[in-house]
Structures are given as structure tokens and as C-alpha cells.
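One chain is shown next in C-alpha cells, namely the form predicted alone.
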Amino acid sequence: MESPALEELRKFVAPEFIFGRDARKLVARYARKLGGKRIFLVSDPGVHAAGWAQEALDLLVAEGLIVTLFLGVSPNPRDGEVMEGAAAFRESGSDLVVAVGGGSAMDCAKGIGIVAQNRGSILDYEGVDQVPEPMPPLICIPTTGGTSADVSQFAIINNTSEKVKIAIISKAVVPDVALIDPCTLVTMSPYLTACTGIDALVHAIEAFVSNAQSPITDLHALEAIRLISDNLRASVAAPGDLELRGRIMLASLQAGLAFSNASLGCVHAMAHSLGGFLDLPHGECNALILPHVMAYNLPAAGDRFRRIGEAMGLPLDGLGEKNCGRALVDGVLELRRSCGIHGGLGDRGVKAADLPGLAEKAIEDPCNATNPRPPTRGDLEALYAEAL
């Protein structure tokens, strides 16, 4: 009898990546290796102030490369910023993109590459496999431990006119090289550490229960869940501990490899709508929504959620499905609180009158397609209400 693991074809896409201390310092070598001569360096003011973007610029210039620095990136990258960056890329005659920063800088860099090569508006490329031509070469240096944009085939851009985040999902946006260096995480604040760490946890959980999961993505997802559960609290409490930061960065990498290939679910669909509406931090949105979507999905993926609870180290022996699910949700809530993420959507300015509109936009998000329990718009509205 054929193994269930062999019944379906699965693909797995990942960039070349270098993981470890001082990996970031290889940026000029890889820019040369990829044929770059004029480099478009994308970052944001906060990362630049922390010194990481300037260090990359200095390394590139020392290699004899011409660098244009673009810092016009907001925490939730906007469509207009992508278009401004693409125009600056073309005007500078650049031939390679380097992104230094969190998910915002890396997603904006991906958008810039898409438009620079394919023209039009970045909003033209929303959805799955809508990018016809490959981007210019892209090197990513992540400075947060959670977004995983450095290894994923996702780019999330804020459609400012509609006040919603769009998802661009394509092999064309997978970076050519990711230089993943835990040293960059020491400049993150405790709250940013918590939010991005929970973002990575959501990536791993949604990938593991996704209807597109595979044995390969399962390995990465479960290891990410274990690493985050064991290390995130301590990492939040000790921002300068490089060993802890390394474990969180590894968890981010593992979760990214999982969700990039198994996709996501309703948590991200709802977070994209919410983040676009109120310009809230993406990881914070995910943290507030996660327990409610987990409870909603439990009837469709009970066995998989039990394995998630085991990876989190929760005492589940002897518990039936209902009590196991309750213990898992409680475990996630406790992790969230212990990392300093409190309250609900109402504390962030969301009102009951906003929920129908949020659900209307969330139901259109492609991340819903791989949720283990297909949602209706009414389901999503009810989940938003629970998260108030």
C-alpha cells in the first residue's frame, strides 16, 4: 500500500540562504556574485537609525558598487511607496535590490522589483501567480524575527484607497539570497520582539493545519512552534541575549519555509483586512486574532492541533478533543500575555460597526483558501466580534 505522503505531488520553494552570526556582512560578495553593479538599497528610517542599513551601504560601496538608498517605507508598506521606489529604481539605473529591515522593507522591495520589471501598478499583481516577469535580483537581510519575507513567496502591500492589505503570492517574489543574521535582532524592542515572534508562531500553526500542508512543511512548522514556545518569553525579557535571539531567528526561518509552501489561513486573512483598515502592526493583529481562529478551526483539524499543543509542551495526556482544544487556546493566550500583548481589538480602536466591512474585505483574501475550515463572511465577522 502506498504511503499517504506519496499520494499527492508537492512543491517546495526556497531561496539560497545563509544563516548565522555575521551573515549580513556577505551582502557585497553576493551582490557581485549576482551580477549587480548599481544597487538599490531599500530600508526604513528606524532600521537606518539602528545602523544596519548604513552598514550594508558601506559594505557595498567598499566593494566598488554604486548604491542608491531608499528609506521611504512605512511600517505597513503602501502602494504609493512601492510606486515611488520603482520610479527611483528606474531613474537610478539600478540592476539589483538589497532589502535591509523587517517585513515592511522586504515586502516593499519585492513590490519595487515587480513594478520595475513589469510596469503598471503594484495593485495589478494581487493574488496567486499574477507576476509574469521575474524581478531584478533581490538580496534580503531581515532585522526582525518573525515576518519571514526573506524566504517566502509572499509580498503584502497596503492598498491605501481601499484600506486593505493585498497579498501577492508568486515564485517570482522569492528572494535570490537571504542573509539571516541573529545579530540584527538585538536592536528590536521587547514589544516588537513579542509581536514578530507571535507572527512566526501564527505562520507555523497556520501552515501545519493548512489543507496544502505536506510532510516537508510539517517538519519546519513543528520545529518553529517548539522553538518559539520554548524561547520567546525569555527573548522578550532579555533583548541583548544573542543565543536567545538566534533561536527566535531560526524559528522565523523554519516558519517561513513552512508557510511559504503550505500557505496560511483565516488569521492572516483577517489580519490583512484589519491592518489595512487601522494601520496596526501585523504581528499584533495576528496575536489578537489567533486564539479565536484556532477555536473555530479545531473541529476540522483536531489531531493536528493536538500535535501543535505537544510541540508547545502543553500537558495534554488524557484530555479529550474538547479539553485538548481548550488547553491549547489557553496556552496561546498565556504565551501572548506573558510576552506583553494584552487587550483586544476594541482597545486598538476597532468598533462593532466596523466588523461587517472588515469581514467583507477579509473574505476576499486568498489566505482563506487553505484554511482547514472554509469560512463564510458571517464566520469572519463573528470571529472579529470575539476578538473585540
Partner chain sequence: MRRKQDWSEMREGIIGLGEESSRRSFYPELMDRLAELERAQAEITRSQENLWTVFNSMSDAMIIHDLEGRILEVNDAMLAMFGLVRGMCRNYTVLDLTAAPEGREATWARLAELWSRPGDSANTSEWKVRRPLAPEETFEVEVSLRRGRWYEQEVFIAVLRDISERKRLEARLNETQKLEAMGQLAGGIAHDTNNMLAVILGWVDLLLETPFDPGEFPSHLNRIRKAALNSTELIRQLLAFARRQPIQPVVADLNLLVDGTQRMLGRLIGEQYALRWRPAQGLWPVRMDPTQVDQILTNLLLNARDAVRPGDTITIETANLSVDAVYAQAHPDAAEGDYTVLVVSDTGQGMPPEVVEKIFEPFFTTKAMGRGTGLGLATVYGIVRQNHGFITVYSVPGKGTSFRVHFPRFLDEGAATEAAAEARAPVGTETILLVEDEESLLELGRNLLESAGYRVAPMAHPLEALRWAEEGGHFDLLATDLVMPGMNGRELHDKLSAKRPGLKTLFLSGYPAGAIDLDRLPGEGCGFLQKPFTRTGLLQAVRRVLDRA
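This is a predicted model, so every value here is computed, not measured. Numbering follows the first chain given and starts at 1.
Omitted from view is the form predicted in complex with the partner chain, to which the following refers.
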Practice problem: Heavy atom within 4.5 Å of the partner chain in the model of the complex: which of P136, G302, P281, P291 fits that? Just give me the one. | Solution: P136
Quiz prompt | in the model of the complex, the one of T184, S235, S273, S263 near the partner chain [non-hydrogen atom within 4.5 angstroms] | solution = S263
Quiz item: Do heavy atoms from each of G35, V174 and N211 fall within 4.5 Å of the partner chain in the model of the complex?
Solution: yes
Quiz item: P215 near the partner chain in the model of the complex, any heavy atom under 4.5 Å?
Solution: no
Quiz prompt | 4.5 Å heavy atom contact, V128 and the partner chain in the model of the complex | solution = yes
Quiz item: Does L227 reach the partner chain in the model of the complex if we count a contact as any heavy atom within 4.5 Å?
Solution: no
Practice problem: Considering only heavy atoms, tell me if L222 and the partner chain come within 4.5 Å of each other in the model of the complex. | Solution: no
Quiz item: 55-63, 330-338, 27-35, 40-48: which one contacts the partner chain in the model of the complex at 4.5 Å, heavy atom to heavy atom?
Solution: 27-35
Practice problem: Residue by residue through 356-382, tell me which have a non-hydrogen atom within 4.5 angstroms of the partner chain in the model of the complex. | Solution: I363, E364, D365, P366, N368, A369, T370, P374, P375
